[in-house]
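Quick setup: one chain, the form predicted alone, written in structure tokens, and binding and motion questions come after.
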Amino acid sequence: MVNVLRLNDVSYVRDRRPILDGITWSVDDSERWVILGPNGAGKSTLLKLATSADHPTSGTVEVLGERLGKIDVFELRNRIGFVSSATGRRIPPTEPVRDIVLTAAYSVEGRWNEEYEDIDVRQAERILEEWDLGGYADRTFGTLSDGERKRALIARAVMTDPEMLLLDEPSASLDLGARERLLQMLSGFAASPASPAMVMVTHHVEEVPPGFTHVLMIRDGAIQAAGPIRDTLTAANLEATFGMPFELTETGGRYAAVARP
């Protein structure tokens, strides 16, 4: 296994407020991690560091074998796929779905005068089919449903064959049907040995796709538990993470949690 992300005693402070405190954590290329925790726990900040969008206040972060502060982060970011709600807000609503995916080859958001090779076009068309968007290629981003937009953004993120895929609440705001469809597709993608390492942030155990292998549970910027999901995603660790007792059930790799009376 190859290490793709390593944080060693990382702390992150902004406006004198500690957001991360002493985080030590690593991800190997065959692992699929879920980061689970309440609002304000520091989950999205962890992803910012993993994308090299920011640097820690103290400690070290190594991304794809390169230490932040000693590497050209723009070169590094081309090797990382990242999806968040902010990504979607930057996509022009008039952009055709085909071009949303295709323009990832040049790391631009909105096609202009770039020239694309046939291999790029074929890659984009293949990925659109894989994410069940082949029939939407000529539709514009602004006409898509929330679920279709999320799938289009993920398709864009995997266009360049990234070495690590980071997903910040990919199923947030989706209705039940759209959420389940997306989770099924993420589960299938995670099961492929050809897929990159994956890290997904969520608030809800119900949104953990089957096939994800590990969970990091975080509260107030500190790790409460981390490890293989079957051993680590427990009612006791949920209580430590969210501050209240839960009943946790698992069926076919899907989890559900309700507050314990």
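Keep in mind it's a predicted model, so treat the numbers as computed, not measured. Just count from 1 along the sequence shown to find any residue number.
Not on display, but discussed next: the form predicted together with a small molecule.
Just one of 65, 40, 69, 228 comes within 4.5 Å of the small molecule in the predicted bound form, counting any heavy atom, and that one is 40.
Proximity to the small molecule in the predicted bound form, defined as a heavy atom within 4.5 Å, singles out one entry of 51, 224, 45, 195, which is 45. In the predicted bound form, the small molecule lies farther than 4.5 Å from every heavy atom of residue 148. In the predicted bound form, the small molecule lies farther than 4.5 Å from every heavy atom of residue 95. Although the partner is absent here, residue 120 lies well away from the small molecule in the predicted bound form, with no heavy atom inside 4.5 Å. The closest heavy atom approach of residue 19 to the small molecule in the predicted bound form falls within 4.5 Å. Shown here without its partner, the chain carries 14, 169 and 203, all of which come within 4.5 Å of the small molecule in the predicted bound form through at least one heavy atom. Figure note: of the listed segments 230-238, 57-65, 205-213, 32-40, the one touching the small molecule in the predicted bound form, with heavy atoms no more than 4.5 Å away, is 32-40.
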